[in-house]
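Just the one chain here, laid out as structure tokens, in the form predicted on its own.
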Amino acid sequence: MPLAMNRDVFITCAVTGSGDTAGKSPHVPRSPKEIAESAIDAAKAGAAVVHCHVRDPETGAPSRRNDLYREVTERIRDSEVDVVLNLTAGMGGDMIFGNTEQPLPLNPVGTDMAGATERVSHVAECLPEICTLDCGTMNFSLGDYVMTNTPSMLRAMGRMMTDLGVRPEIEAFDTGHLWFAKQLVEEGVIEDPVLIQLCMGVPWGAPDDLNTFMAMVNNVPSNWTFSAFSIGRNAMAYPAAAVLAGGNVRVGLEDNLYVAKGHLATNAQLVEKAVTIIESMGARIIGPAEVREKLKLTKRAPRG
């Protein structure tokens, strides 16, 4: 395909994630205060969008507690820094099987299965501008963990998000997820403009080699807006790949802990490096106001 570089790029910072990273770097934020402060620092560094999970403040374990989401949301909105808020809705579909000879019953340690309304409850309460919709089921990383998102569940959650006026960011980990995302649009579950995040290099979804990446890009309709990232050692090469392919950029401690080999990063440092890469390519970084206009987002005001 011909080169179709994106000249007006927005950066998303994935601030903390839900992986087992809080004990691997002192920079991974745990408490709502730390998560909000790290998101604000990322926005100051050039991120137009911050993608937020929450964690148990004491243990660093992933959490779905609405009060934690509410505190993160309020702290970001009360700050003087403008940024588009994107909350995950990916939690609550975690299935951990037993051993290979006795897969059932499910392992209660790590299994977290919730209904559609519960999985979207924090979105309904906080009303971010964007929330994620992981558009498929897959074997995820090691062991017996399956990330579970059935077609019926995705339809239900997608309709709730649309009815709330929150723009879904479809997270696609493989080409089949893109196929189903198109189906959701065809059924009217998700409305234009469509926003999609290509999630590369996550075991055992789409690997992050360029042939696979371009297969993903070539399956994104031309009128959709897409962003892309890779995890681990290729994370800081992917801003260049995403921009060259016509997309936008995601970086952050959810995906990668290092700004360079052996050098642990903050979220702001990862954003700063992405800004340097993008601007060195001759592209322009766009801010939250332009992102809102592009994606027809509804900004909620801080507390009165």
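Remember, it's a predicted structure, so these values are computed and weren't measured experimentally. Residue numbers run from 1 along the displayed sequence.
Same protein, other form: the form predicted together with a further copy of the same chain, not shown, and the subject of what follows.
- Contact with a further copy of the same chain in the model of the complex, judged by any heavy atom within 4.5 Å, is made by just one of Val194, Ala156, Val83, Met91: Ala156.
- From the list 83-91, 68-76, 163-171, 135-143, the contact stretch for a further copy of the same chain in the model of the complex under a 4.5 Å heavy atom rule is 135-143.
- Of the heavy atoms in Asn234, some are within 4.5 Å of a further copy of the same chain in the model of the complex.
- Mapping the unseen interface onto this chain, Asp209 counts among the residues with a heavy atom inside 4.5 Å of a further copy of the same chain in the model of the complex.
- Contact check for Leu178: a non-hydrogen atom falls within 4.5 Å of a further copy of the same chain in the model of the complex.
- In the model of the complex, at least one heavy atom of Pro151 sits within 4.5 Å of a further copy of the same chain.
- Relative to a further copy of the same chain in the model of the complex, residues Pro29, Ile286 and Pro288 are all farther than 4.5 Å at every heavy atom.
- In the model of the complex, Leu106, Thr111, Met113, Ala114, Gly115, Ala116, Thr117 are the residues of 105-124 with at least one heavy atom within 4.5 Å of a further copy of the same chain, listed from first to last.
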